[in-house]
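This document opens with one chain alone, in structure tokens, the form predicted on its own.
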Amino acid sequence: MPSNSGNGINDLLTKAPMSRRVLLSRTSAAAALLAAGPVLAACGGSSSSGTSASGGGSSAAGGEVGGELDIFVWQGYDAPVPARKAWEKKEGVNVKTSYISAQQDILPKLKSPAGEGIDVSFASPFQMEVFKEAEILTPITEEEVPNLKNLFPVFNNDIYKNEEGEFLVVPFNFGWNGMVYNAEVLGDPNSWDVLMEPELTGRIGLWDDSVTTMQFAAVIHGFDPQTTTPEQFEVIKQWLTELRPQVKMFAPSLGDYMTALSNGDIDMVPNGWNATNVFVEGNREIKTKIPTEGKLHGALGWVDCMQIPYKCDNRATAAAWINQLISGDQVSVETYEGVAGGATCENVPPKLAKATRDLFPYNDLNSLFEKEAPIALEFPQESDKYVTFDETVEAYEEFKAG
């Protein structure tokens, strides 16, 4: 999910009053993901990873699977420990994980000596053009990752590919940032106009993420971040100026705003994660939605992807790991359950717990991304015609300062 702060499960675990149980289970019948042994074995089936089920050293396109696998991802995207360890033992792999603390740190690390040997890393469509220009992405074939053939059609998209039509990243998890609200106080609002209502003065929390917030502000106004003109940007800045008195807090993490919602300190998060209601514990009725009415409407869609960087030194194992994450087998299912994530392959949703599955409109993903929550790319790094990334960061800091 788009962020400039670490937003994994471990962040959330530290935030009272949400319990470990709530964060690690989707239903009352689900066992904690950190429990010893397999959790969702019944959801599995025969391996579809393109690797042998008989042990380590199995063959895959481009070499043998096994050895050390260095991954650089958000916490939670490295799979729950028991399932991952079972996969490691079967394949003769040792997964070595380092965690992303800020999305803007990915490119510098992969380009630096510290990026030597990183086999799998996170990538976002927001940054695809920057990553392409930096030439850190390598083509990924269906031979290497057979489960690419199971992607929902909406993810078989040019945004994830090079000019030759080869995947440069593998779509892994999706969702959107939209309206998160206390239904006991606000009822059932369906327009962003509610943000300026007197009852929300000093009752709004914002996820303190300049990238997401400014993209979100552009999208709900109907502007494309890559082609936002200075005149359109003035509209956005004026709207933010009007919104500022309503904002009580800028939450540094998902867990912080979830705690504030749970405590009743705030009643609305405009740029909130669509799975927030799954994680907030307490008596308050917290809901999430994409407003469809009014002059301002919609939400910011996002897709989290995996890449094999150009300095990878264990490509076959990297491909096998990515393939496993989207396969619908035990590692895959437990990972989606753990992050309340949207599965990108058509065969996976039936294997997820209902509470996780119902977070996403799998029957109409085209409408989700084309109309309700478009995936917007980043504001350009440089432009003589359109508003740049640096200009949006400066405007956000001015907005935050009041």
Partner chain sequence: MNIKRRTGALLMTPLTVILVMLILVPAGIFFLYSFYEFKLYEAQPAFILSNYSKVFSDPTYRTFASNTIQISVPVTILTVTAGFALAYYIVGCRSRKRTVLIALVVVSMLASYLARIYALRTLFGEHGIIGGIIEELGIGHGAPGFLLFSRSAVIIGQTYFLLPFATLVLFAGLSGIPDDLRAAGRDLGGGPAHVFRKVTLPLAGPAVLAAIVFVFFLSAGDYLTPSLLGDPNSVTIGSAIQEQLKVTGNYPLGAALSFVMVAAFALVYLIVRVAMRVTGLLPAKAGRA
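These figures come from a predicted structure and were not determined experimentally. Positions refer to the first chain, counted from 1.
Another form, the form predicted in complex with its partner chain, is not on view; read the next lines as being about it.
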Exercise. Pick from D193, D208, D224, E166: which has a non-hydrogen atom within 4.5 Å of its partner chain in the predicted bound form?
Worked result: D208
Exercise. Just one of K248, K161, K287, K311 has a heavy atom within 4.5 Å of its partner chain in the predicted bound form. Which one?
Worked result: K248
Problem set entry | Among 249 to 257, 79 to 87, 113 to 121, 292 to 300, the region lying within 4.5 Å of its partner chain in the predicted bound form by heavy atom distance | 249 to 257
Exercise. Can any non-hydrogen atom of V235 be found within 4.5 angstroms of its partner chain in the predicted bound form?
Worked result: no
Exercise. Is there a non-hydrogen atom of P153 within 4.5 angstroms of a non-hydrogen atom of its partner chain in the predicted bound form?
Worked result: no
Exercise. Do E143 and its partner chain come within 4.5 Å of each other in the predicted bound form, heavy atoms counted?
Worked result: no
For this session: Indicate whether its partner chain has at least one heavy atom within 4.5 Å of a heavy atom of T241 in the predicted bound form.
Result: no
Seminar exercise, completed: Contact check, 355 to 390 vs its partner chain in the predicted bound form, heavy atom within 4.5 Å, ordered by sequence, gives E378, Q381, E382, F389, D390
